[in-house]
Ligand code: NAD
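Next up is one chain by itself, shown in structure tokens, the form predicted on its own.
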């Protein structure tokens, strides 16, 4: 994971080094030295914090649970990033995710640095009382490095507004009399959270796809028709006819993205497949997404796994293996589950022509290169799943300014921010042969490099 981040940064810096218009005041040996410094700074975190949370379980036993907080870079503002509750959490993963948060915030002009947290556990294996204690202990162990102007955690996989409420309450009790509303984002609305926060990432994921294939394509069809860019040819395959969509992962991100696709008035979509940790559901005529969301809400977050459940919920679908979704012959695949879903050993089986990364790093670098060479458009995580951090910023601002945005205002501000990013990135993407991911990374590294140079951090 660390080497992957280093490779991303170095490839972007190599491209910028040859661009004489970038930091033109640096030349010769001074330029080479500055870029060496940038490579070292951006490919490693500022701080790595690790602890073992001592938790007394309800059965009387005591366990020690590994927990992390990585602070990658704060050149643009306070560290910002979620806390992941998952049994696969490890040090390298958290470092990589923190560095990607730095790049993501830079790409979208959000005034935050990059951070990430993780607790090695399966939240389903603990009672509510035990999870409450775990959240309190996390804040107690890391309270010195957290704060509204230092490091602001948010929900991630396995955590949500309940956990953020608990953590904010513990931060408040540890820091009496100090500002606390902005210490955590992704909280419930009654505790200072923002309307629309839960849906933000999923809405942003679908919006990036819709904007590229509808808004941008409509306005730039003539330009795209006159270029030899392979990705432009893929985009032009969309002629307004219905597009088949498969969504891997049916949690907060996947279910919202699926619903956005189902309800979209701009494009004719058919969500023909969805999957979760247990099963894939397929219907070539299109699935009833609202009915599936209702079922999941009543059944511990799980999709139907049997014919009787489908019948009771009046849902028409074929039950398949959970991994079958990846290899379906669909136009679009939204990946909203875990990382490394498309990799070197299954990349040749992928049939989708457009892939949207709702999860973090669901396509490995080897698979990305292979698919991009075939003209597959991959809308990367750094671009597609930034809705959460953008609305987290809006929540943070509301807490500081004691104002409150309506849900419509939140969605407008979110989509305006993502539109501005797309308008900056897409012309360059369709104007050169590089994948969209590389264009995003170069833009982010360019902004961070400029700021670090102006702040005198390179010598």
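Numbering follows the first chain given and starts at 1. Note that the coordinates shown come from a computational prediction; the quantities given were computed from them, not determined experimentally.
There is also a form predicted in complex with the named molecule; it is not shown, and the following applies to it.
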Given that the named molecule is not shown alongside this chain, does residue 249 nevertheless sit within 4.5 Å of it in the model of the complex, heavy atom to heavy atom? yes
If we define contact as a non-hydrogen atom of the residue within 4.5 angstroms of the partner, is residue 137 a contact of the named molecule in the model of the complex? no
Heavy atoms within 4.5 Å of the named molecule in the model of the complex: does residue 158 have any? yes
In the model of the complex, residue 372 touching the named molecule (heavy atom, 4.5 Å): no
Which is the contacting stretch out of 258-266, 272-280, 170-178, 213-221, given heavy atoms within 4.5 Å of the named molecule in the model of the complex? 272-280
Would you confirm whether the three residues 351, 356 and 380 all fall within 4.5 Å of the named molecule in the model of the complex, going by non-hydrogen atoms? no
Name the residue from 336, 333, 342, 106 that puts a heavy atom within 4.5 Å of the named molecule in the model of the complex. 336
Pick from 201, 183, 208, 99: which residue has any heavy atom within 4.5 angstroms of the named molecule in the model of the complex? 201
